[in-house]
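In structure tokens, one chain follows: the form predicted alone.
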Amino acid sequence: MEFDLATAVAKDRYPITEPESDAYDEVVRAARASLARHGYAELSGFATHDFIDWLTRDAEALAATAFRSVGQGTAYLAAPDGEVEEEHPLRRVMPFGVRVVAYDAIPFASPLRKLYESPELTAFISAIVDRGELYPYGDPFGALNLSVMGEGDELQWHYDQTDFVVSLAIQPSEAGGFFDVVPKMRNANDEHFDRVRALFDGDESEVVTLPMTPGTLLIFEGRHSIHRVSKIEGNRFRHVGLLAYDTVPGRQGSAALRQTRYGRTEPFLTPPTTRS
């Protein structure tokens, strides 16, 4: 198949190729309002059914190349703080298991890569997050990832270290794999450790579960909203595209991060597979 943005995105609902239109402005305003109120904007039905089918076939072909990392981590993505009591949220460690295909391993012909590299999408995301001009993230590993989660995989409660994350739901797992979030749990003035402690102790009264619906584009501000992916059950992979942007062109991640997340530090000059 040949990639065509006009048939990949549901243009009647999301006219991303018509930035001067009233409909475009209406979508952007609604998404901005949701970000301001909830810390996330769900654009359901963003991808067309035919494009989702193509994305799914592509993701299934790439799944075997995903690097899996497992371990224990804190919600703050840092080493446990030994200066606080044992049950403090800063010291709580929880299991994680994730698999990922890095940007440099995603074929040039991949529909996910084609969508990510379209300047119209970058401009659309930039308009919604309203942080000035955005650029595709300059890191050859982290700019675009395919998240592949299988039986037993999970992602512990945590905060992101970036201002926002853009994801595209491709395929849900048979069971589990829910995206749970407590919107705006913390702010610049208060970590609300008491609420985090209650959450870790089993109080999920503040938890919102966002449906894993194929074709949904999610813009999520995870720096202040604690979130997790619950344990995957069943034989079907959970596939999500993770699209990264930055306000500075060319910025890259560290070698240590590359080794931990991707199992290597040197990028491929060209993707090692042409499957699509």
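In this text, all values refer to a predicted model and were calculated from it rather than measured experimentally. Numbers for residues come from their place in the sequence shown, where the first is 1.
In what follows, reference is made to the form predicted together with a small molecule, a form of this protein that is not presented.
Q: Identify which of Leu62, Leu35, Val27, Leu242 has a heavy atom within 4.5 Å of the small molecule in the predicted complex; exactly one of them does.
A: After the contact test, the surviving option is Leu242.
Q: Tell me, out of Phe96, Phe179, Tyr76, Phe164, which residue has a non-hydrogen atom within 4.5 angstroms of the small molecule in the predicted complex.
A: Flagged contact: Phe179.
Q: At 4.5 angstroms, heavy atoms only, are Val84, Arg92 and Arg195 all close to the small molecule in the predicted complex?
A: No, the candidate spot makes no contact with the small molecule.
Q: Among 224-232, 27-35, 46-54, 244-252, mark the stretch whose residues have heavy atoms within 4.5 Å of the small molecule in the predicted complex.
A: Answer to the contact question: 224-232.
Q: Evaluate Glu204 for contact with the small molecule in the predicted complex, applying a 4.5 angstroms cut-off between non-hydrogen atoms, and reply yes or no.
A: Close contact is absent here: in the predicted complex, Glu204 is far from the small molecule, nothing within 4.5 Å, heavy atoms only.
Q: In the predicted complex, does Met185 come within 4.5 Å of the small molecule, counting heavy atoms only?
A: Residue-level check for Met185: no, no contact with the small molecule.
Q: I'd like to know if Asp160 sits close to the small molecule in the predicted complex, meaning any non-hydrogen atom pair within 4.5 angstroms.
A: Yes.
Q: Counting only non-hydrogen atoms and a 4.5 angstroms cut-off, does Ala127 reach the small molecule in the predicted complex?
A: Answer no; every heavy atom of Ala127 is more than 4.5 Å from the small molecule in the predicted complex.
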